[in-house]
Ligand code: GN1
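One chain comes next, on its own, written as structure tokens: the form predicted on its own.
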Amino acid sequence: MSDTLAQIAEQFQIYGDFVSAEPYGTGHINDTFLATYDQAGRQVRYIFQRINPSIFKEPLSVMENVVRVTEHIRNRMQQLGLAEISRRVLTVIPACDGIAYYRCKAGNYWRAYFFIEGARTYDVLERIEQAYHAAKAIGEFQCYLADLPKPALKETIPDFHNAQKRYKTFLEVLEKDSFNRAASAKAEIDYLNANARLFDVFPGLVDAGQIPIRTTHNDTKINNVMFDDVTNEAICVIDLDTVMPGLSLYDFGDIVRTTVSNSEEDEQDLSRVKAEIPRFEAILKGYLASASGFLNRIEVNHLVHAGKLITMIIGTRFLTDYLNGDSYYKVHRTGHNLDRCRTQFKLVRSLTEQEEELSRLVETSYRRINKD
């Protein structure tokens, strides 16, 4: 891939000589590479990504959104007088023709970012305080975009969190069972069918005007937050392809899903998958510290449900992809998507079992913040 990337690299406004590139990160969707350049004897690194066209049908809309979002956040940070802004928000590097992407001869869309040095992502957090900082960063991200000028961002993946539609797609795939996998997932199929009522709550609240559509990230899994190597605080929210109109609750739900348990997303030992109360409390306090000023009471009242819902949606998507022959997510072993599904559904069970206690924490934390 090195020769190809060297040719791609020539198409961007990057000073210096291309040295090398290697695959980077653990993302399921886009192809990401960390490239090194020699700039007058100094090694400088950049991120190159090939946008996955099978997932993002309109890559131009994706890049239009990314540019609008990063420029708006950068301007807001400058107004606030923040330091190290180039480390706090992604910087899109334009192609030689001045636009935000390059389309190669094969028809693939490529983009480039400055690499954020001295920071890293985690698939599983190492300390509870990281959960606080990650959730606080997500709340800040939503806050920065609360005044994004119209028009609304493009919908880069239509119905991304449309749980009812995800369930309908699952039922269609299940009925076909084209890969004869339904029998091996009977327990998961039964659990989903028994709990699909979770998917009906938020659409009703939106239709009633009780919770608003906002500009949200929509994919706030924990490895989309970068942490500073020295301070260990969240420094930058990344992977902006799904930033579009959505619900604040979706973002909170996904940070819960990927942070509340000390287990991998594809953990095979389900005894390790449990929603830990101290982690949830840290997530909750971090998020409310930055988001309570714009959330309404109905949104706050449904924070626990958001964690259950998003976890169930992701589990449904993993199960659907397993039944459909692993056509969406990258898999690294037989049954990988089924393992991912089982982990999600086990976490939904754990959140449900502790829902009363989690709801008390929400009420106590929200009242304390508003009193202060």
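Residue indices: 1-based, along the sequence shown. Nothing here was measured: the structure is a model prediction, and the numbers come from that model.
From this point on, the text means the form predicted in complex with the ligand, which you will not see here.
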ask   = Pick from 257-265, 198-206, 287-295, 171-179: which stretch has a heavy atom within 4.5 Å of the ligand in the predicted complex?
value = 257-265
request  = Using the partner position in the predicted complex, report whether Asp239 sits within 4.5 Å of the ligand, counting heavy atoms only.
outcome  = yes
ask   = Is Ile157 close to the ligand in the predicted complex, meaning a heavy atom pair under 4.5 Å apart or at it?
value = yes
ask   = Is Asp228 a contact residue for the ligand in the predicted complex, using a 4.5 Å heavy atom cut-off?
value = no
task = Would you check, heavy atoms only and a 4.5 Å threshold, whether Asp219 touches the ligand in the predicted complex?
result = yes
remark   = Contact with the ligand in the predicted complex, heavy atom within 4.5 Å, among Val44, Leu60, Val67, Ile29 goes to Ile29
ask   = Of Ile314, Val331, Ala306, Leu338, which one comes within 4.5 Å of the ligand in the predicted complex, counting heavy atoms only?
value = Ile314
query = Is it the case that Phe56, Asn224 and Phe318 all touch the ligand in the predicted complex, with a non-hydrogen atom of each within 4.5 angstroms?
reply = yes
